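Read the single chain below, which is given as structure tokens and is the form predicted on its own.
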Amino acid sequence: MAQNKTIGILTAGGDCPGLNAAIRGIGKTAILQYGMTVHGFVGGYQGLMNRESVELTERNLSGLLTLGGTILGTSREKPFKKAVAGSVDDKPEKIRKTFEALGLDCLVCIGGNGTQKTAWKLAKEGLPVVGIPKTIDNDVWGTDRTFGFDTAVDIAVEALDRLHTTASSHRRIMVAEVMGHHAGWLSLHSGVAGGGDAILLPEIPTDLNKLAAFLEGRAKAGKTYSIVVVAEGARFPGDQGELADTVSGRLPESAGRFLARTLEAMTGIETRETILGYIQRGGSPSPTDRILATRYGIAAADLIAQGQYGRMVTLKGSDIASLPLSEVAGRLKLVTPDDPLIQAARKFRTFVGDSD
């Protein structure tokens, strides 16, 4: 089924495990199955604008499956972001010229919400694009799972397993901060899998008085330590400490640091914080993420071969599908209070957000 198509691939936004597996999945399928020519753009949308690319061959796509990061590099360049003067500069036109100069039949954009929104804007400009969702936050609308999430959960759970032993030894409250500005999928899944006693999500504002009372109750019941898993974007609205914004509940400092300091003052129990930070995004992808990224890559190449542009590949149950980028752009997939995992956690008395 040879096709004389030329395609481009870029990775944009934050790095995460599985990006190279996705690049490999697209490239090898495009080359071996469809006879396409494949270009990789260096540094995300910035490389696309500046026409910085390398040709990807079967040879230089080998050995990528287990490799973390992205061989193409990435950036947070947003070509449609308005300039200081209030208007978009010539960045979209630069992208169009790159398409014309390289004779691109399609561009595959691998990234999270911002990347897919930009891909949709390119599609509105009449450029053929296909999106692949990745992010450790798992918050891209329209797909059950983004690659990178499973690996990040594994990393967070390993850290929580280790925190249990030191918390027990010192009879402390240990606060573990994980990533997630707006979505609490990572804190929820790692908190449940890692035996967190309290799990705090951005979607459910946390009442600090209830949380402190819960932790004090555990201590009085003979529980010698507690583990609190908090998303970096957790909110503490109302009059709950001098550093909390009383409207949004957002904090000007680390949520983990704020919680450790505040909970120790409220409960009198020694409390320490651990902030996992960028460790969650690094390293080799888990087997699950390798498989998902590969399946996404193959599906993207198939969409291109079929001439189905302006779409993002998705996972629905165990099936790979796709949906229009117009349905994805500007939307987040957030944890809802009735999520089955939240209900399960509460049944064995885990404090989740606003729990009593």
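From a predicted model like this one, the values you see are computed outputs, not experimental measurements. One rule holds for the numbers: they count along the sequence shown, beginning at 1.
One more form of this protein, predicted in complex with a small molecule, exists but is not displayed; see below.
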R172, K210, R281, K94 - the one with a heavy atom within 4.5 Å of the small molecule in the predicted complex: R281
Selected contact from R162, K82, H181, K223, since only one has a non-hydrogen atom within 4.5 angstroms of the small molecule in the predicted complex: H181
In the predicted complex, D154 touching the small molecule (heavy atom, 4.5 Å): no
4.5 angstroms heavy atom contact with the small molecule in the predicted complex for I136: yes
Contact of K124 with the small molecule in the predicted complex (heavy atom, 4.5 Å): no
4.5 angstroms heavy atom contact with the small molecule in the predicted complex for E273: no
Location of the small molecule contact in the predicted complex, chosen stretch of 172-180, 282-290, 141-149, 115-123 [non-hydrogen atom, 4.5 Å]: 172-180
